[in-house]
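In the form predicted alone, a lone chain appears below as C-alpha cells.
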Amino acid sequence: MLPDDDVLLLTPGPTPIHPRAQAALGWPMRGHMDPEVFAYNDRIVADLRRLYGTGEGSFTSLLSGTGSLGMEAGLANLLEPGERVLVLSNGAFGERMVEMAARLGCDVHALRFEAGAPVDVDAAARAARSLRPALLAVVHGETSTGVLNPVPELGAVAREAGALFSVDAVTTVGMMPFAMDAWGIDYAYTGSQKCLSAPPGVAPVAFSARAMERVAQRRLPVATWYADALGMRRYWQPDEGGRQYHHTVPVQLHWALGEALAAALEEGLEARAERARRVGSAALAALQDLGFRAYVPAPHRLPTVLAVVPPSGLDEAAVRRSLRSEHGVTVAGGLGPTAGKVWRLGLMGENAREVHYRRFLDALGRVLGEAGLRERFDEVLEPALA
C-alpha cells in the first residue's frame, strides 16, 4: 500500500520537502567520484559558508547521516578521552550531548537549567571560569521545549574560558540569521530535514579554522573513522593532491539538500525568520482562544518550534490522533521533559506557511467542535502582512 500523499507535517522535523528538493530526488544517479558531483558539492560548500556565516579557513560539508551524527561528530573530533566538556543543558538534546560525550570517555560536566527556561549566561560564565573546559557545548534552539538559548553571549563566555564552542543549530540555522564567526562558534551542525526542508539523511556541518587546527593537533585518532573531519576534508576540500575517496555519499540526498539550501538563501534568512514569526504569532493567537498557552515566555521563545500547553481536561494525545487519522494533520507531542505536557508545532522551512496552518486550524476546529479558529488566525495575520 502506498503512503497517503495528503498528510501535512506540522512537526518539529521532518518538515514537508521543498518542491525543488523533491524534484532533485529524481535527477539521474551519478557516482560519488563523478566530476558533476564534485562540482555540485563545491556549490554546497560555498552555500553552507553563507548559511552559517563562517570565517576564513572554515570547513563545511555534509555528513552522511542525520543531525545526531552531526552532534556526535563534533564531540568526537574536538575532544579526546579524558578532556573536559561543559554541556549547558535545558532539554532532551542537551542531555543527548551529555550521553554522547560520556560514551566517548570525556570528563563531562553538565550545568542544567529548568525545562522551558533559557541557559543563564552568568551561571554558565561562573562554571566555565571554574572548570576551564576544552569545549563548551549548547543547543541553540532546544527542540524538546521550544526555548531559544543566548548563543552570542555564550560565545563570549567560551572565549573568556579559552574553550572551543560547539552549537547545535538544528532548529535555527536555515530559518534565521546565523553568525558563526561573529559569535565565536567553532562547530555547528543541523539536519537536512529541519529548517531547510530536504529529506532526512545528511547533516550540514561547519568547523571554524580554530576547530580544524584542534583536530589536526590531536594526540589520538578521532574516535569515529566515518566522521573524521580530516578524512572528510580530503573528499570535500582537497589540497593539491586531489580528491580522495572517503565513503559512498548519498548522491540523491546531496542533490536535494543543495536545491533546498539554494532556495533558502534566495529567499533570505531575514525573510524566512519573519515568515516563521508571523505564522507562529497568528497560530498562537488562535490557539489561545481555545485555552492553549505558550510554554515559553516570549523573550526566550524559539521562533521555529512553538510549544503550547493544552487546556486543562483536554486529552491531548487523543486529539492529536484524531487530527492525523481523520484530517491527515500530524502534530508532535512533548519530548523528554515536556512529554505529555505540550504540543510542539513546527515553523521550519516549508511548514511555516499560512496555508498549512489554516488547514490545521480548520481540522482542529472540527475535532473540538469549535468554529472561527481560521478566521482568528487570518485576523492576526493580516496586520502583520500589511
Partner chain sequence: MDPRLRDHTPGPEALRRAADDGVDLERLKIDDPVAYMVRNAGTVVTAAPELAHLAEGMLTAAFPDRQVFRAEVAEGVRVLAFPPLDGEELRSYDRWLAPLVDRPEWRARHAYYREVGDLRGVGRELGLPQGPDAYRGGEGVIGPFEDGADADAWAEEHVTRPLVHDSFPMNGRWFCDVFRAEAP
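Because the structure is predicted, anything quoted here is derived from the model rather than measured. Residue numbers count along the first chain shown, from 1.
Separately, the form predicted in complex with its partner chain exists; it is not shown, and the next lines address it.
Note on the interface: of 256 to 264, 295 to 303, 174 to 182, 80 to 88, the segment with non-hydrogen atoms within 4.5 angstroms of its partner chain in the predicted complex is 80 to 88. Not displayed here, its partner chain is kept clear of Arg129 by more than 4.5 Å at the level of heavy atoms in the predicted complex. When its partner chain is considered in the predicted complex, Glu95 lines it closely, a heavy atom lying within 4.5 Å. In the predicted complex, its partner chain sits beyond 4.5 Å of every heavy atom of Arg243. Of the heavy atoms in Gly105, some are within 4.5 Å of its partner chain in the predicted complex. Contact with its partner chain in the predicted complex, judged by any heavy atom within 4.5 Å, is made by just one of Glu160, Glu270, Glu99, Asp289: Glu99. With the partner omitted from this view, the residue of Val251, Ala110, Leu284, Ala134 that lies near its partner chain in the predicted complex is Ala110 [heavy atom within 4.5 Å]. Residues are counted as partner-facing when one of their heavy atoms sits within 4.5 Å of its partner chain in the predicted complex; in 181 to 210 not one qualifies.
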